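This document opens with one chain alone, in structure tokens, the form predicted alone.
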């Protein structure tokens, strides 16, 4: 090859290199511009003290309310502060004069996260599955005799007795509507096939709400992404939304209030479920932090093991009730952000009475122990369990431990994860001697009714949360009659609920400690936090209502 040919070859190679560099440079320049032009996704992280539980919208009856309420939707949304029912998946509803028939007219243009449409078939499928499974809060629908499809967007419920179906349809549990295609996705044989629960609990969702579940790690974090096709973003009749709601909403499990506070201050989370209340003044004075308080129907209560000695003796239970310094607990454990409870139905809810508060009286408590046959105190330690990381429960438990020691009752205060605490307590239905003596936990409303509080914690048929194993036929009969009157004669129902509470008070089946005031600390970069908190859906922060300040 001569020099001339080599020169021409080099020129060709150089030209090709220049062309390749230009093309690649243009590609990467275009890619870089494309990446820079795409807005960064906005993220809000909410720290939860407790891990999530199950993910099945028909049966879940615990901590997963924190996300079910915005991944799934109800027929109706309830605002208890204004006592207002707001159309959600149903745009309107009416009932017959005898209160035995309810008709719901469904919203058009709603799609589930899988793209399938909301219609009467989906509503009937969802409610029938929940009712037939009979788990969790399915008891809410006990009045329903049958559900009728009137047309594609009209559903009619026929009842056995009058019930407040509008409130039930807005409940925090067992009211969710989801895609019937879950049968297909789970490769199930029918709506109640356990494969569907397995499919949900593998981290799948079939809701229609403003956020989709995209990561399910219930002991560490659960992540949600905004559903752009949600009907509510453009709806004029639905107030719970924001034009700048976060793209990603994360619930992170942080089982310690101090750690939550430190993460909030460091900007690692935007919302803390719990912070030490003694730090509130400092947080309120921090321009980067906001503190929101709101009324609530959430109550901290002790359930006493009525089937295990010595607590099977009502005099011992009564002694414990009069040895607890309720005012001190509210002051120390909640720094005043609560009020001493009176009965298991909280302040502000219909059916509440101020007549069921136990007095703090150590002299009376000691006298009752003597009458019970324990003049020198109890000869073994009582086991009291509470949820690990909950600073308010911890402080309340320690104060109770100190108070009961003064009357000769020693208490072993033991923190457990909620799953461990609940499992131990539920084992007491088989053998109460193997369970705890005292269970400390929160009850919050499933729907706005005394029945919800009284049935779940004290009725002999309730095996999920009657964790003091209390049985009383008169009490059960009062409840079963009262609930049939809620939808037609609330005054009579109230009278019966008060009689039922009198039994709980006299038998000391449970000792209500305090009714909570919600306290949420959050980054000041968030707007509309007050709107995003609703006492009817406890522990939920509705992300679609949040607005991120620029």
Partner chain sequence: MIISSRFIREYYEYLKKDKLGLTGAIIVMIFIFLAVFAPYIVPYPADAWGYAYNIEQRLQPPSLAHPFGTDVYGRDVFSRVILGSRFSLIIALGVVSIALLIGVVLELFAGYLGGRIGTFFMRITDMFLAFPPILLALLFAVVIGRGLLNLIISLSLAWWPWYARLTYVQVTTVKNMPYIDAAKIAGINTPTIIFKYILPNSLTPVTVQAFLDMGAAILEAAALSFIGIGVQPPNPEWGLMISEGWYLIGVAWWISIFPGIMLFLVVMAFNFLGDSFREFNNPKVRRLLESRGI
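Residue numbers count along the first chain shown, from 1. This structure is a prediction, so every number in the text was calculated from the model and none was measured.
There is also a form predicted in complex with its partner chain; it is not shown, and the following applies to it.
This chain appears without its partner; in the predicted complex, the one residue of 231, 161, 335, 93 with a heavy atom within 4.5 Å of its partner chain is 335. Checked against its partner chain in the predicted complex, the candidates 116, 371, 402, 288 yield a single residue with a heavy atom inside 4.5 Å, and that residue is 402. Using a 4.5 Å cutoff between non-hydrogen atoms, residue 178 does not count as a contact of its partner chain in the predicted complex. Among residues of the shown chain, residue 258 is one whose heavy atoms approach its partner chain to within 4.5 Å in the predicted complex.
Not displayed here, its partner chain is kept clear of residue 340 by more than 4.5 Å at the level of heavy atoms in the predicted complex. In the predicted complex, no heavy atom of residue 307 sits within 4.5 Å of its partner chain. Considering its partner chain in the predicted complex, the lone stretch of 163-171, 178-186, 99-107, 386-394 in range is 386-394 [heavy atom distance within 4.5 Å]. Contacts with its partner chain in the predicted complex, taken as any heavy atom within 4.5 Å, map within 296-332 to 325, 328, 331, 332.
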